[in-house]
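Same chain, two versions here, written out as structure tokens and called structure 1 and structure 2.
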Structure 1
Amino acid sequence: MSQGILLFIEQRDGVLNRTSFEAMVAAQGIASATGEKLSAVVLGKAIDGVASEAASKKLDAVHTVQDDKLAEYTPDGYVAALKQVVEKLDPRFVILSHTYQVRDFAPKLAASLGKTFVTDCVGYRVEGSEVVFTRQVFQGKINTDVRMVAEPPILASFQAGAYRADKAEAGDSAAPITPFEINLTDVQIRTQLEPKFQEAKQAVDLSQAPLIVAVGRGIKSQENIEMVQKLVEALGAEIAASRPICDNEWLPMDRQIGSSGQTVSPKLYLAVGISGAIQHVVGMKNSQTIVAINKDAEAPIFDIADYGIVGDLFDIVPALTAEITRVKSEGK
């Protein structure tokens, strides 16, 4: 019978991914509410440092899986290795953080195990021995509570920022670290990797800008960016954008804020016609003051905004530009 909870700890080049500690908060909570033991698993080659960092937390065990075929991340290597681990340990839950790496392999892992995988959760509720997960649909506009009907192990990943890494409980003493024996000799790694790189031309560094006006798809067309540009000039701010604006080449890529763009924390972040999808929000949620202008009062951006104006940006932005120009021309 399935028992215990297994937490996947992600590492790259021997550095632990902090979002694993976010997922750990959920895993520790589920473990204590269900009375299950919690262990963690780390995959890779030189991972002793990562394993001992994980072992400082409140865990019952840390399993390390080391193999030449896991030296660099590949979906084939990770699926094959974790499949063996999960089959041998037979946990009730496998908890992961919904990172790009997890997105790349975990659905295949679940499919190869023939198990269900509930992705990108933002919360959970324990009912007796069952766990009901909360996940967002429609890019955060609606929440759903999802009940598992499949047999365990159940895989569940948590959204970045759903829990705070610093809330992961430390252990009274270091958890035992044990090498986990698996056999990857027959596993074929089909992906050939080239070195990781960053696009060279990152012309603007928005991380230092004190004032940012960011424009989203609500702007409708490229010509209308001009209107936002006027507000930007009146404020003496930098212009930034959500991904679709850069995808459409209405603004250059290096103006993009979010998980695949820049991370900023200005004094003022003014979001114009941006819905507030998680991939955008992770790049700007630490801004000191957030203002959102959106015609939809239910837009997720209002979840993190300090000030909000619900209305048509085509009316509000020019009014705001005029007001700022007026205030500034009065000087002082």
Structure 2
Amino acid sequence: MSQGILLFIEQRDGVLNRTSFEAMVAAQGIASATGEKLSAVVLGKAIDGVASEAASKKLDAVHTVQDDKLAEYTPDGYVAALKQVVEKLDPRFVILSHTYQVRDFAPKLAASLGKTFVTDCVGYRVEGSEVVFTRQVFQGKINTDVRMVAEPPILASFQAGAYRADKAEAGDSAAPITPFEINLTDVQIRTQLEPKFQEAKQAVDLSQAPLIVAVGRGIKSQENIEMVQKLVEALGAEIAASRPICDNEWLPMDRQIGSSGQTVSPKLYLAVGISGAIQHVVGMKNSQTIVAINKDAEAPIFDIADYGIVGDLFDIVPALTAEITRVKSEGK
């Protein structure tokens, strides 16, 4: 009988993807509510550091799978490895963060196992022994409950920003780390690796940024973005944008936040001239602190902002930049 929960820990070049800790919050909650054991699995090569970082959290075990064919991510390698892990451990749930990598391999993994995959969840609740997952539809306008009637294991991925990574519960002691033996001898890696997304010119993974300044159509023209860029540099943040800015090619598409862009949950999200359309809000609403600057006091962005400044951004942004620069120069 399937039991327990298996959490996939994503890493790249020996660096743990923080969204794995976001998914861990959900996995820990489910484990606590159902009384099931929670273990994690890390794939790759030279991943001892990642495994140790994961083991510092409240887990019953961390399984490491190391092989030359896993040194670089490929869907063929990851699916072959995880299929063997899942079949041997036979968990009730396999929990993943809904990253680009997971979107690439997890559907194939689910198909190879003949199991159900519930994607892009934003929450869950436990009713007795049943776990009900919550997904958003119609660009985040409606939440839907998903109940499973299929046999486990059930694969479920959680949207980036659905939970805060810093809420992952630490363990009283380090979880045991155990190597997991698999056989990839007959596995053919058919993927020809291309340059990684984050290494492309100007590309950035905003889901990893702790501070984000996002600009909307209130900026009026591309020339005015330079003013916001000075604020970004003063804060040591990343610049982002709503869809109209990227559609007009004022900023690259990889800077877009929202339902058709990236989903983020930084410590600080400063929205400059953004009205707060639902398509944008679904990509940033789980930020730890949201500050909005908009001259329209009725703008929807203020409904989710922790702090709001009603006024002309062309007056406020330069003043804010000057004050931050002054404070930093004084070493405060």
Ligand SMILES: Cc1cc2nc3c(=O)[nH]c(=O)nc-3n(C[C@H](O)[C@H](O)[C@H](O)COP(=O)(O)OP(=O)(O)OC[C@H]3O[C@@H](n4cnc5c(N)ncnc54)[C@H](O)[C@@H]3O)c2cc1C
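Because the structure is predicted, anything quoted here is derived from the model rather than measured. Rigid core here is just the name for the largest C-alpha set that superposes within 1.5 Å across the two forms. For numbering, take structure 1's sequence and count from 1.
Student: Which of the two structures shown, 1 or 2, corresponds to the form predicted alone?
Tutor: Pick structure 2 here.
Student: Taking the rigid core as reference, does P244 move its C-alpha 2 Å or further between structures 1 and 2?
Tutor: Yes, its C-alpha moves 2 Å or more.
Student: Once the core is aligned, does D296 move its Cα by at least 2 Å between structures 1 and 2?
Tutor: Yes, D296 moves 2 Å or more.
Student: Is S56 one of the residues whose C-alpha moves 2 Å or more between structures 1 and 2 after the core fit?
Tutor: The answer is no, as the C-alpha of S56 shifts between structures 1 and 2 by less than 2 Å after core alignment.
Student: Could you state, for a rigid core superposition, the Cα shift of G258 between structures 1 and 2 in Å?
Tutor: Taking the core as reference, the C-alpha of G258 is shifted 5.8 Å.
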